[in-house]
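In structure tokens, one chain follows: the form predicted on its own.
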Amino acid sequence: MKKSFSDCYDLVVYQIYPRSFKDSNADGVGDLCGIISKLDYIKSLGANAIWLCPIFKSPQCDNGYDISDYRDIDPLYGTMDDFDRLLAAAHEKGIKIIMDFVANHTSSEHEWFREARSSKENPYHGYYYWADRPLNDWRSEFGGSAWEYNEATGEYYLHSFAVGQPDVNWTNPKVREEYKAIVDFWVNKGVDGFRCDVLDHISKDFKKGLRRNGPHLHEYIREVFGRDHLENIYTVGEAETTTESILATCGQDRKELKSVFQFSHLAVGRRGKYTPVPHRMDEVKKILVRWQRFTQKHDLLYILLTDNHDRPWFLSRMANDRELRYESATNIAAAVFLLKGIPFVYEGQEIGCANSHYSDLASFNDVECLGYYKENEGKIPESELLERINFGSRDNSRRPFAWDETESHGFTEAKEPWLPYATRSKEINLSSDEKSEKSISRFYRALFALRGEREALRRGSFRQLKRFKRNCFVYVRENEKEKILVVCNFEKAQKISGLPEGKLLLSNARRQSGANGEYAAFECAVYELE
């Protein structure tokens, strides 16, 4: 029976990177009690769901994406009692909790792997991929070979990411049973959904050289998430999103996932991860329009996002994060979050956070960028290498949230946070933003309030206007009762004409005219049409 995902359009998800959100015990690391203390703030933004990056027990070689116990909380973040209190407090405020499901790999400190690496005869040996010699020339995402030698068994194990993150062998039915039980453990606790980390990696095809999107991927996803008692659990996958794969994974008759992230618009403005290239927001617009039309045609959910923990700030790459930071941040928010889909807001983007600039490697923690530095040291001039890391490091969006302009920025009472604050935290912090005449967070509140009030902005259809006009994004969201016009000008001031007129609902400028007329750089306006 075809199931409607219509209720998902009411979600506004706020993503939290726990170690950087709010520290409650003065150890310099954010924690669960810190999150509890800020639930009212999250709700005030209009968010009604929280995605928590991993809080499970972990050696932290990849900041929690190397899990050593899926059923326990890492002491850095608190205890299981703290989690239970967070879950209860969030639910009391109408906020859902979405957990990270990391199933392509475990930590090398996980009990399964400690047992597996001890002997070929160990029952857990078959939980991972082993070979007498590297089966191919695959490279780890974090640098170096994806195969690591294990002396105890005289074999190599596969790790698509860090050496401390061995890939789990999903061809083993016992592994699939383990992960089904882990999902059920958290569902029985009351969590509301899962974000599935690099989910397309769980099926591989060594003969064809495929480290992801193997022949059993959809079979595995259905086995875990297609079970009837998970029907009301929200799921979103990090996976390849071609038009074919999104239909295969998220079709409403597939019994797999409700949604997947689509990241192609986030690749604009850079070559690889560390090299900027010339670009314009029109390139992003074209990608967004293509996916709006595709998901609308096939009745699929679409994720609306510009930022997360794995990317430097979109604002710094695609717009003006200096003189026009307010205009740029609010324009991007209107252009993206008023489309049809589920908004995902990453902590800090609602105050216009921007990339940092550090002149020494000691200010970085990201295992990925440190691996990039190591691989290129001596090949690229030191100054250029640091510039690349400042541009592309994931640490840009992982630095502690600046709640105020004090020395510790309201994040911790410790002398030093786990990672140095963003270099512009004195300027860019919540307290300063809320006191400013040009408040980005205030615009976010107004935008999500409008989205919550207007059914057309949640479930209405999408129709682009001014399709061939450059340097702007103009579209209508409508249903049988209302039509709402969204006008977002981009990098250059220009005149926009030929638009229907209506009542102004929201703007990031003091517009003196209607929808038609002159628009400043990164000016946006939203109108209710007759």
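As the structure is a prediction and not an experimental result, all values here were calculated from the model. Don't overthink the numbering: it's just position in the shown sequence, from 1.
If you look for the form predicted together with a small molecule, you will not find it shown, but the lines that follow are about it.
> Which single stretch, out of 34 to 42, 457 to 465, 59 to 67, 484 to 492, brings residue heavy atoms within 4.5 Å of the small molecule in the predicted complex?
That would be 59 to 67.
> Considering non-hydrogen atoms and a 4.5 Å limit, does the small molecule approach S203 in the predicted complex?
No, S203 stays farther than 4.5 Å from the small molecule in the predicted complex.
> Using a 4.5 angstroms cut-off on non-hydrogen atoms, would R176 count as touching the small molecule in the predicted complex?
Output for R176 is no: heavy atoms all beyond 4.5 Å of the small molecule.
> Using 4.5 Å between non-hydrogen atoms, is S393 touching the small molecule in the predicted complex?
No - in the predicted complex, heavy atoms of S393 and the small molecule never come within 4.5 Å of each other.
> Closest heavy atom of E238 to the small molecule in the predicted complex, within 4.5 Å or not?
E238: contacts the small molecule in the predicted complex.
> Heavy atom within 4.5 Å of the small molecule in the predicted complex: which of E109, E223, E405, D310?
For this set of options, the contacting one is D310.
> What is the one choice in F142, W170, Y346, F401 with a heavy atom within 4.5 Å of the small molecule in the predicted complex?
Here the answer is residue option F142.
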